[in-house]
Each structure stands twice: as C-alpha cells, then as structure tokens.
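Okay, here we've got a single chain as structure tokens, the form predicted on its own, with questions on binding and movement later.
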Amino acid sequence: MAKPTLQAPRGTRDFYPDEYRLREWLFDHFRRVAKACCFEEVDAPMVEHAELFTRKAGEEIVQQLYHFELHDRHLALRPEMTPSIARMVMARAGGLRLPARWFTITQNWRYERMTRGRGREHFQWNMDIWGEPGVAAEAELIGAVFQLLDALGVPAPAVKIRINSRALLEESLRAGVLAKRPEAFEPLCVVIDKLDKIGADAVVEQLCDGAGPIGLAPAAARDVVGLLEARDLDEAAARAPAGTPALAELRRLFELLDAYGVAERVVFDASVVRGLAYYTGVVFEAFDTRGALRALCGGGRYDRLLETLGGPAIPAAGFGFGDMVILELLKDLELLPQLARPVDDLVYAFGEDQRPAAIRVASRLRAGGRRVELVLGTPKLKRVLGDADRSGAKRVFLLGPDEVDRGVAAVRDLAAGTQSEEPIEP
C-alpha cells in the first residue's frame, strides 16, 4: 500500500499560531479600513458552479480552476470573489439600496505558476461599489488602498498605483487596428496584460498568432504595443480619438485623487489593462516601486458584468488585495509586528488539590472579559513565570495549599513587580 501523503498540497499553507496571529492582524486592518469607509462585509460559498467562472473562455483564469464533477454537477473552488458577488447582487437587484458598498475577506484558489508572493491558495480582501457610474467610486476605492498602506506603516514612496482605462484603449484600437474586428479586443487584453512578464517581442508574437483569436499583422501588433508606452495623459490623448469620454473620466479621476491627498502616489500607465475580460473602464494596480514583487492589488470598473450573467445593467467597480504579497513587502521593509500570544492572566495551582479553586478563579476572570490561561498540570513555578513573561501576561494568580485554606489567591503583578491577595470567591 502506498505511503499516505501527509504534507499540505503544493502551493497551499498551514497556519501555525504565530502565523495565524499575523494573518488575523492583517485581516483586522482590512476590516478597519473597509468599515471606516462604511462598507458592509458579505460572504459566499467557496464552491460555485464552474459556469460562473468559465463564461469568458480564453482567460488564463479558466485554465487555473480547481474544478470537479459531483452528482452530475460541474463545480469549482472560487478563483476570485467578484463573480460570486455579482451573482449575489443579481439575486437581490430589485431590492438593493444603491450604491451598495460591500467588502469580503475570502480564501481563493488558482492552479498557477508559483512565485514569491503568489501561491495556489491565498486570501484576498475585496471592496466593491455597485450602482455608482462615475469615477467617484474608483477614487474612493483607491483612497481606501492608500488608507490601508498608511495604517500598515508602509512609507508613501514604497508603493504607487498605476492607472489606465480599458475604455480608452478600446476606443483607440477600434478606431484603428480593430476597426473591423471589435470582438478581438477582450482576448487582446489577455495577451497584452502579460507585457511585464514576457516582454514586448513575445506579446507581438502572440498578437500575430494566426491560430489564435487575434491574428494581427506584425505592423499592427507593434502599433498596439506602442500604444501601451504612454506614461502621461497628454501623451495618451495624442494617440486617442478626439473627444473620447474615457480620457475625460481619467482626468476627473486624477482631480478626485488629488482631493484625497494621494495625487503624488498615482501614475498613468497605458500598459495596465488587467487580464480579466469583464473590465470595461478604469483599471488600476498597486505596485512595489522597487520592482521586487508582483502587484499588491488590482481592480477597476466592470459595468457589464451583471449583463454577462443574464442580470440587469448595474455599474460597478472594485479591487482585490491579496494577503501574500503585502506580507512579503512588510517583511522586506521590516514592518512585520512581533505578536505575542494574547494572554491577560495566568492561573496556577500548585497541586491537584488546589485545582478546583484555580478553576473557580479562572472562570470568574473569564466571565469578566479577561483572557485567562489556566495552567494545566503542575509545572515548576519558574517555568510558569517564564511563560507568563513571554506571553505578555499582566498577572499570575498563584493558588497553593496555604492560600486555598485561607480562601485567597496570591496575585503577582508582573509589570509593577508587586504581589497582593484576592478572595477566591468574589
């Protein structure tokens, strides 16, 4: 019989207590920022019908699904949260108060090539705004990203956000190389999203692939890559059709971001397109300015997503922020906190005869909201005091035969270095 595999699957993670404390510390920051902006937390099943994620064939994410057949149903572990949120919005579209501000912190799964900060299982913080057609939604979301980075202590120069507009790119291409082939725009975005990973020559080669869905001539493919080189709005405007509304939206977005006080932390970058087909307007990515890590987060506008699922037209914008990359960045910047075990008090019985009294003391303290470790067994007092010091406990309650006979517990205040007595029973 084959020896059982006792390791976690490659690309997944075990969370031991110290790692779990760090995870919850990060999640607490996610929640504080979202709630400060009056977003409400929602959740959805980890398992969905696979069709929810495969409607847009050709995306890389489709090939990365963890999926399976069960009782004649084709199911998949969610690779991202936005389609599930869209399904939830569609289910209650008639009764939702719009704009709806929702956020999630969920575990997601993609069978992809692993690099630093990228696993096959990760957690992601999503913030989504449904029902707001203007770029005020994108400005609010980008402002929240910077609010989180500031709360984590990340220096402003360490992370910036690149901003572009899929609508601007689409208008430019459909006025030029895609004038007769508008259906090629979405698969083209999937290819050019790989520019940073594979380089311009490889992108041109894929755009020219006659067996693929795009099939551009070499000169046209190079023109497409040329459009991606614009690094300011004036340069983008010179290459865009006259009077394009997408350009006006971008200018307005930058004005609003100036009001948030983050104008110096955002840049226009025509090469940002995002690989998911459902994006329709502004797109953005937060990046490590050292260039050592992949994008920290990404998002944008997806006004037609509900319609692709058979629902009503509701404008939407949102972002996903992964847990793995930001932890790598905080590690590099030496900003990871040292999080002690959360203990307020230790209660120690010198012997088993004193344990019932120790239990009563611990129960009373816990009922009062204290985090109390009732020491199990009868280790030496020196070890108990050492454990208390390492955990950051504030007090140790000591119950020996003499104390219990007198109905008290000796209380050692570790910070003050003093000792007093308290009744066992209140």
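Just count from 1 along the sequence shown to find any residue number. Keep in mind that this is a model prediction, so the values were computed, not measured.
Although not depicted, the form predicted together with another copy of the chain is the subject of the following passage.
Participant: Within 4.5 Å of another copy of the chain in the model of the complex, heavy atoms considered, which of P342, G176, P155, P213?
Facilitator: Of the candidates P342, G176, P155, P213, P342 is the one lying within 4.5 Å of another copy of the chain in the model of the complex.
Participant: Tell me, which of A292, L335, L98, A217 has a heavy atom within 4.5 angstroms of another copy of the chain in the model of the complex?
Facilitator: Among A292, L335, L98, A217, a heavy atom within 4.5 Å of another copy of the chain in the model of the complex occurs only for L98.
Participant: Examine P356 and determine whether its closest non-hydrogen atom to another copy of the chain in the model of the complex is within 4.5 angstroms.
Facilitator: It does: once another copy of the chain is placed as it appears in the model of the complex, P356 has a heavy atom within 4.5 Å of it.
Participant: Just checking whether A36 would be counted as a contact of another copy of the chain in the model of the complex - the rule being heavy atoms within 4.5 angstroms.
Facilitator: Close contact exists here: in the model of the complex, A36 approaches another copy of the chain to within 4.5 Å, heavy atoms only.
Participant: Could you confirm whether N108 comes within 4.5 Å of another copy of the chain in the model of the complex, counting heavy atoms only?
Facilitator: Result no; N108 lies far from another copy of the chain in the model of the complex.
Participant: Decide whether Y260 counts as a contact residue for another copy of the chain in the model of the complex under a heavy atom distance cut-off of 4.5 Å.
Facilitator: Yes - in the model of the complex, heavy atoms of Y260 and another copy of the chain come within 4.5 Å of each other.
Participant: Taking T12, H67 and R383 together, does each of them reach another copy of the chain in the model of the complex with some heavy atom inside 4.5 Å?
Facilitator: Result yes, every residue of the spot touches another copy of the chain.
Participant: Picking from 348 to 356, 201 to 209, 217 to 225, 266 to 274, which part of the chain touches another copy of the chain in the model of the complex when contact means heavy atoms within 4.5 Å?
Facilitator: Looking at the other structure, the answer is 348 to 356.
Participant: At 4.5 Å, heavy atom to heavy atom, what parts of 372 to 386 sit next to another copy of the chain in the model of the complex? List them in sequence order, or say none.
Facilitator: Contacts from 372 to 386: V372, E373, L374, V375, L376, G377, R383.
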